[in-house]
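The data below hold one chain only, encoded as structure tokens and taken in the form predicted alone.
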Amino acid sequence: MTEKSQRTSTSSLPIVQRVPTGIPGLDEMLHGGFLPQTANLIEGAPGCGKTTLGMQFIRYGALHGEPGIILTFEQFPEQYYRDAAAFGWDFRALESAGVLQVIMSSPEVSKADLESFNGKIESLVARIGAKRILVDSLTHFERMSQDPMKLRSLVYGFLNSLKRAGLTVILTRESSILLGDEVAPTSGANFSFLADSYIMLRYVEIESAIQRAIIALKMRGSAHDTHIRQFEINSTGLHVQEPFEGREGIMSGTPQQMTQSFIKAFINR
């Protein structure tokens, strides 16, 4: 193949559209952002930043022509307004501008609504032109059934309904793993294989101090950065930083040992 034909062949390759998160460092990890109309699972221990990440994703879209919805199963809208204000984000103003809506519901009601013709969520998507949704949190679906197969079917149908509505979805889920290579209990559903991408947030110990770590364990249909990176939450939101490479005292020892135990703790459960 000549150099000219190589250039022509390369230029004809389709450009994969991305949905940027607007989170410093995370879009670089995801090679530009999430793929559109995908379900993206963010799992982690309590307080590690799952909801903050989701809110930041929704806010960025609302400010850049992609209105969003926050569907909560555990907190009243007022809590999101307060949490957002702590970062200098005015969610009330975004709602007044018609580019954001925070709604509180339950998994049962939301699933039934999405399955009905012209339901409330579908109507809201059409009314504000929503392109993004944060579902906080997927953990609440686990009370809908004790049968793992039935539960997976329920969640699968729910996610497909959101994607058919043209939404790029972030789902949060609480993990009982707090630190290092602790082994998670065997109870609880594993939804990671239902998601198009799977990002884990964890606490790690470095030089006797607790810090936060993020890793993208899966991204269906796309390459992504598989390094374990540090992240922080400051007055302006969540910021992903450099990989932990070259650092000592992380979990079981060297960065290489940490990587193996870290990934093992997540995917072999």
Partner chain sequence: MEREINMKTENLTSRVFNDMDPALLSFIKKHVTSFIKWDLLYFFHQNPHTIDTVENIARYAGRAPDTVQRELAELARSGLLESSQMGEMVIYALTPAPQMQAKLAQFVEASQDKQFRIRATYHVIRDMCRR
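As the structure is a prediction and not an experimental result, all values here were calculated from the model. Residue numbers count along the first chain shown, from 1.
The discussion below concerns the form predicted in complex with the partner chain, not included here.
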{"item": "Check all three, Gly32, Arg59 and Arg164, heavy atom within 4.5 Å of the partner chain in the predicted complex", "value": "no"}
{"item": "The single option of Asp90, Glu108, Asp83, Glu142 touching the partner chain in the predicted complex, heavy atom within 4.5 Å", "value": "Glu108"}
{"item": "Sole residue of Ile121, Leu94, Ile199, Val155 within 4.5 Å of the partner chain in the predicted complex, by heavy atom", "value": "Ile121"}
{"item": "4.5 Å heavy atom contact, Ile103 and the partner chain in the predicted complex", "value": "yes"}
{"item": "The partner chain contact at Glu174 in the predicted complex, heavy atom, 4.5 Å", "value": "no"}
{"item": "4.5 Å heavy atom contact, Phe76 to the partner chain in the predicted complex", "value": "yes"}
{"item": "Contact flag, Ala112 vs the partner chain in the predicted complex, heavy atom cut 4.5 Å", "value": "yes"}
{"item": "In the predicted complex, segment of 155-163, 191-199, 129-137, 113-121 with a heavy atom within 4.5 Å of the partner chain", "value": "113-121"}
